[in-house]
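Here you'll find one protein chain in two forms, each presented separately as structure tokens under the names structure 1 and structure 2.
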Structure 1
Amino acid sequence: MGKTKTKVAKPKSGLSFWQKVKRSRVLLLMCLPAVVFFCVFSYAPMPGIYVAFVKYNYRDGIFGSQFVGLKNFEFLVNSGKLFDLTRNTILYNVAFIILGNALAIFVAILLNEMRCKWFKKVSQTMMFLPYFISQVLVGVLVYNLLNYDYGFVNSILGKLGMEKWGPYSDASVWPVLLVIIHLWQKTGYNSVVYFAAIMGIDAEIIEAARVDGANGWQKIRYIILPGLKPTFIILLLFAVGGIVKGDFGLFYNVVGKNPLLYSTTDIIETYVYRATMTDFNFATASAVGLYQSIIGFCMVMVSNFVVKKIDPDYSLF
């Protein structure tokens, strides 16, 4: 923060805290609703994280319950799968982040280049549709597409006289399938951010480049892509914070509870869900959440630090 302050707010650097408050009272007031909101809905319950360290008794309340230290974390550690699960979760998220953003940028740029208005409208509306299909139905559709006995793919293979394909007993294909399903579902939504960001690029710069004889590819390479960089970095930093949090809905509904596929598809959420099915317990769930938050927090701190080193303008805070 110091750096920005010296750069921009130099004339005010000698002011006391209250003077600063007074000077920027309108801006502070503009932030007030949001600050109150996060106090009320996010910070107020936060001390309740303590539940991860107690044997929760409803009558005594969270803070009156017996402190048990790290006992609630035991189950995850003892499973011997903590590392595998964390790795799976992170690898999937990395694939989702990189490919997801690349495809979203690609689509946004293509859409921006198109001149046919109705085509843009219709296609973008269509791209949004998968976002509305609930994950359970996605699971049903994928099963109907891929299953061995009457799936769409296999009935075509059958007609062509080719051997049937059984993805539900072959774990190795699922990383690819899940990434494709994720991209299919989220790209329409994500590309809107980039599309709007392209709209924010100064039209005059683009125009000037054209007049200077830049071709379409050069325009994209030298103007649009750099213009999307801040948006990309913000998206990235947010995604990094949740890098150990998996998309439970997708994995649970599409892979289902098929142990033949767990070796490549099991993430923290799905494992915890299955293992604690008969032991419903708020404390264990909180402990797992806390573990994920702490790793995410460290990752973000590191990435934000790196970004700040490279270009402070792009950092989150």
Structure 2
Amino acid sequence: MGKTKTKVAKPKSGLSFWQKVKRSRVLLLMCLPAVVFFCVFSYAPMPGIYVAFVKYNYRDGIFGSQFVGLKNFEFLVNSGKLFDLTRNTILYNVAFIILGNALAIFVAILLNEMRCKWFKKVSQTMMFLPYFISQVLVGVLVYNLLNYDYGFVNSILGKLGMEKWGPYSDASVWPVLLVIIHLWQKTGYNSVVYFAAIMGIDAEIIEAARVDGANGWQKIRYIILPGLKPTFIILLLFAVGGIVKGDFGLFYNVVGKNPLLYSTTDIIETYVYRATMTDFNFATASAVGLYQSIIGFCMVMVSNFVVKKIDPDYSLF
């Protein structure tokens, strides 16, 4: 009897590039606006970094201006305030990031635990509104609250027979005040992301835990908080990239040009604005921006490396 030969099926070759594009065309079209945005506003302007190394003049343009190397960076280094400005900017941003995310998670969990739908919607709206208030108006509100002569707080203290409080002459209180103002304005907006992440947690897991006898605190501790961990880490890594870039609108409009408060409220942006207000120079401003971007890039790389060592699933790349 002759042996029957069995044919071995050859593995199908992989799809070509254009076949993959055709198969994923819907997803690619959805990504297209984001790709165009970053190409136009992030990658295309990158050659403009060269302006930080030239003595810029309008007639010759960026690449025709005289090359001066690192001379534009001397403006910030020779000021004698580089360390203090960088320290203030980083410490404020660290407080904003840590306290802001912690409070946003807390608010999102509270909203999730509410059973009255109309009260939940009203609460979300009320907490979301401060985000849309102009920083100029925030500065006016704070000034009318804390003004020494006729501010609301000192009016109450005066009627109670207590000594008036002068925060605009006391630099030590402003780190706390600025953090409180920032949290009041941004917490409602930041909580939306975490609230959406909670909504994405599988309801069957929560229901199973409830059947097994888990109380509200155990549900939050063992299900909701671990479910928010990936969102928290991603937002943290994104925020670290701008840790040396301060909120100019908040600091300038709330503190203003008060030299008594500069020791604790002066950040890189406010100092550069005052120093270049009379003689603005694109090269100087670009040098400061490049300094901030380099530090932010290094912080992102270090943070991502640490996260990758702890849990690679949560790293950016």
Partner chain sequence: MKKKLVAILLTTAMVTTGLTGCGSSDSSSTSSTATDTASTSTSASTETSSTDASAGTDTAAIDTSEHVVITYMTTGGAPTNGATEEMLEQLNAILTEKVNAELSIYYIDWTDYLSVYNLTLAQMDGTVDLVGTASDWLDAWPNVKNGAFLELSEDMLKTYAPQTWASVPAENWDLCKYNGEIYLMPEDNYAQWTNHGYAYRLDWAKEAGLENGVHSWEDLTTYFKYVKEAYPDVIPWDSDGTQYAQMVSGWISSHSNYVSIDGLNAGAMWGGTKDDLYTVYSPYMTDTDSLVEYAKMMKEWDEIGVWKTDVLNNTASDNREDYKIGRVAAEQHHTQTWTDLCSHKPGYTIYEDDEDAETGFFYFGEETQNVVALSITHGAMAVSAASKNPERALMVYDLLRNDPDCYKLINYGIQGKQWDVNDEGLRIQPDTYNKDTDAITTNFWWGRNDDLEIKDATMNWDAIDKLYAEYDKIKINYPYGQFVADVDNIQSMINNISEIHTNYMKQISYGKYKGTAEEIVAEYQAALEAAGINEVTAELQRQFDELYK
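Take the two forms, superpose them, and find the largest set of C-alpha atoms that agree within 1.5 Å; that set is the rigid core. Quick caveat: nothing in here was measured; it's all calculated off a predicted structure. Counting starts at 1 and follows the sequence of structure 1.
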Answer for which single form is the form predicted on its own:
2
Spell out whether the Cα of Ile294 moves at least 2 Å between structures 1 and 2 when the two forms are superposed on their rigid core.
no
Yes/no, Val306 Cα shift of 2 Å or more between structures 1 and 2 with rigid core fixed:
no
Fit the two forms on their core, then tell me the C-alpha shift of Val21 between structures 1 and 2 in angstrom.
7.7
